[in-house]
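Below sits a lone chain in structure tokens, taken as the form predicted on its own.
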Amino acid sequence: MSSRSQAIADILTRAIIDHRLVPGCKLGERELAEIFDVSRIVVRQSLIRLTDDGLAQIERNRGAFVARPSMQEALEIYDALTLVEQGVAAQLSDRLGPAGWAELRQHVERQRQAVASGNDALADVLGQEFHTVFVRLSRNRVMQEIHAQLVRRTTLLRSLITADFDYCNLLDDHARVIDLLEKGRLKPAMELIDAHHRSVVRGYIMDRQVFPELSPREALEPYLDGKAGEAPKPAPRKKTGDNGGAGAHAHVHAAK
């Protein structure tokens, strides 16, 4: 892949993460080539990269679209995350030293403070980061790459309506996993990791969207040359009355 194709793939990925390109949005080669002022071949390489990451789907005779995950796919993604994190848990239980346990506990404490202050947005970000830190402490780069790819696929799920999860209970799961692993109680820790992911995925309502659909040009405009120094704003959520419950809080792991 050329550097230009990679840069475009990164922009498209960012736009999906920011909910500016929503599931089902058409990613036309010709339109994207005009937006980025490149050839369709360069765009095609970018779309293949998104497809490899599970962020786009290429349909014969129809072209590419931002992937629209099903409940079955959501279950499979979180099952895969569970297996990866259970493998990491087995490693950490035997190998992690005091500094590693302290780092995890400090992260949980930051989450707890965010929840206590009512800062749901920060609590959500920290909830996602906990899993990344957890896997990073394994020092297994292959495991980290697999986990990161799965997390990217959960970004699509973040554009869907979710149930109102209990931040405190999900936060307690993180703290309990640390306690169990530090005490060498691997089996209950692995069971808790499985239950934690299942509680997250059960909250998804797959037939409604939280974010309004923009055209590709509207969605990508903030990322184009000349605005590189600006931080694009994520697309605003629809109001609760627009689609029944779109304002519900969620502990979504993305990217978890």
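Each form is matched to the other, and the largest set of C-alpha atoms that superpose within 1.5 Å is called the rigid core. Numbering starts at 1 and follows the sequence shown. Remember, it's a predicted structure, so these values are computed and weren't measured experimentally.
Form predicted in complex with the DNA: not shown, discussed below.
- Proximity of E29 to the DNA in the predicted bound form: non-hydrogen atoms within 4.5 Å are present.
- The DNA is not drawn, but in the predicted bound form it has no heavy atom within 4.5 Å of R198.
- Heavy atoms of S215 never reach within 4.5 Å of the DNA in the predicted bound form, leaving it off the interface.
- Remark: I58 counts among the residues lining the DNA in the predicted bound form, judged by a heavy atom distance of 4.5 Å or less.
- Shown here without its partner, the chain carries R4, V38 and V42, all of which come within 4.5 Å of the DNA in the predicted bound form through at least one heavy atom.
- For the DNA in the predicted bound form, the listed stretch (66 to 74, 42 to 50, 190 to 198, 216 to 224) containing residues with heavy atoms inside 4.5 Å is 42 to 50.
- For E31, a C-alpha deviation of 2 angstroms or more is recorded between this form and the one not shown after rigid-core alignment.
- Relative to the superposed rigid core, L50 undergoes a CA displacement smaller than 2 Å between this form and the one not shown.
- Comparing the forms between this form and the one not shown on their rigid core, the Cα displacement of A195 stays under 2 Å.
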